[in-house]
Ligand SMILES: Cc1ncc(COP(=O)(O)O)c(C=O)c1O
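Quick heads-up: it's one chain on its own, the form predicted on its own, in structure tokens.
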């Protein structure tokens, strides 16, 4: 990154005001990088989270229905909640959303959009099957529901075969949110939104009123990183590192967790979802944190907390193998103590 940053000294143009849609050379590069159809454009935003916010502000009116899987990404629930959407949830299985429930929801609820994270879902780590991707795309087209495909973890696959984006099967009915926080640098705060021009033009207008444009120097830095000859090797290094850490955590969970727990295996991403016997997951998370272990309890990933089954989201990407094993040991000990308390079963 150092040479890329140093090169900015010879690029005075990036320190002036820029186009709202983004830094021209970056957008031109991304058209080819993402192999966008001729009908589609890209826009840069301050992290993909801003892209999601712009979509909500442009298209969702109070009371409009937005479909999400349950559990789902907390940040998306916050965004749609702020524009007073009615969030409707469908169950998730090992292949993605329950397709029967999803079609029933589309047919009976007439939602405006379906927000989803098909690749290494946050929080469960589920990766949709190819058949599920095709069927969801067909349902979106049939019922005129816009698919909002959030893809921040897509490049973090460390096993199995890469699958097409869901939006590849319904390109005229979808918007894709892409992030470079997980593969370049979260501090750059550069996200990319892609979709057909008529979908993105309202977002660009709202962004202009919000912040004029995202940081042009940071967009130029991102372009330099993406064009660097070693960038692909960098991604391979991240994948290999995450695979090692995931396997260490998964094996430790298998060895140490008490009976009644279930672990969802993953092929990439950043998270493992562990379902537990019924207990107070908030109390468990608080107790674990006091012992140096950070986990996220399942209720925060549901619009209605009381409908959540007992589970924890674990992140394996930012700790060494030894730290992961010790964390799992502490988790297992804390969980066993929690389950031994009579009041835990009434939580």
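Since the structure is predicted, the reported quantities are computational estimates derived from the model, not experimental observations. Numbering follows the first chain given and starts at 1.
One more form of this protein should be noted, the form predicted in complex with the named molecule, which is absent from this view; the next part is about it.
> Which of these residues, 135, 179, 92, 89, gets a heavy atom within 4.5 Å of the named molecule in the predicted bound form?
So the residue touching the named molecule in the predicted bound form, by this definition, is 179.
> Which residue among 199, 153, 246, 106 has a heavy atom within 4.5 angstroms of the named molecule in the predicted bound form?
Flagged contact: 153.
> Of the listed stretches (249-257, 206-214, 227-235, 181-189), which one has a non-hydrogen atom within 4.5 Å of the named molecule in the predicted bound form?
Of the options given, it is 181-189.
> Give a yes or no for residue 115: in the predicted bound form, does one of its heavy atoms lie within 4.5 Å of a heavy atom belonging to the named molecule?
Answer yes; at least one heavy atom of residue 115 falls within 4.5 Å of the named molecule in the predicted bound form.
> Taking any heavy atom pair closer than or equal to 4.5 Å as contact, tell me whether residue 321 reaches the named molecule in the predicted bound form.
The answer is no: residue 321 has no heavy atom within 4.5 Å of the named molecule.
> Can you work out whether residue 242 and the named molecule are in contact in the predicted bound form, taking contact to mean some heavy atom pair no more than 4.5 Å apart?
Residue-level check for residue 242: no, no contact with the named molecule.
> Test of understanding: in the predicted bound form, would residue 122 fall inside 4.5 Å of the named molecule by heavy atoms?
Close contact exists here: in the predicted bound form, residue 122 approaches the named molecule to within 4.5 Å, heavy atoms only.
> For 31-57: residues with a non-hydrogen atom within 4.5 angstroms of the named molecule in the predicted bound form?
The stretch 31-57, when checked against the named molecule in the predicted bound form, contributes 47, 48, 49 at the 4.5 Å heavy-atom cut-off.
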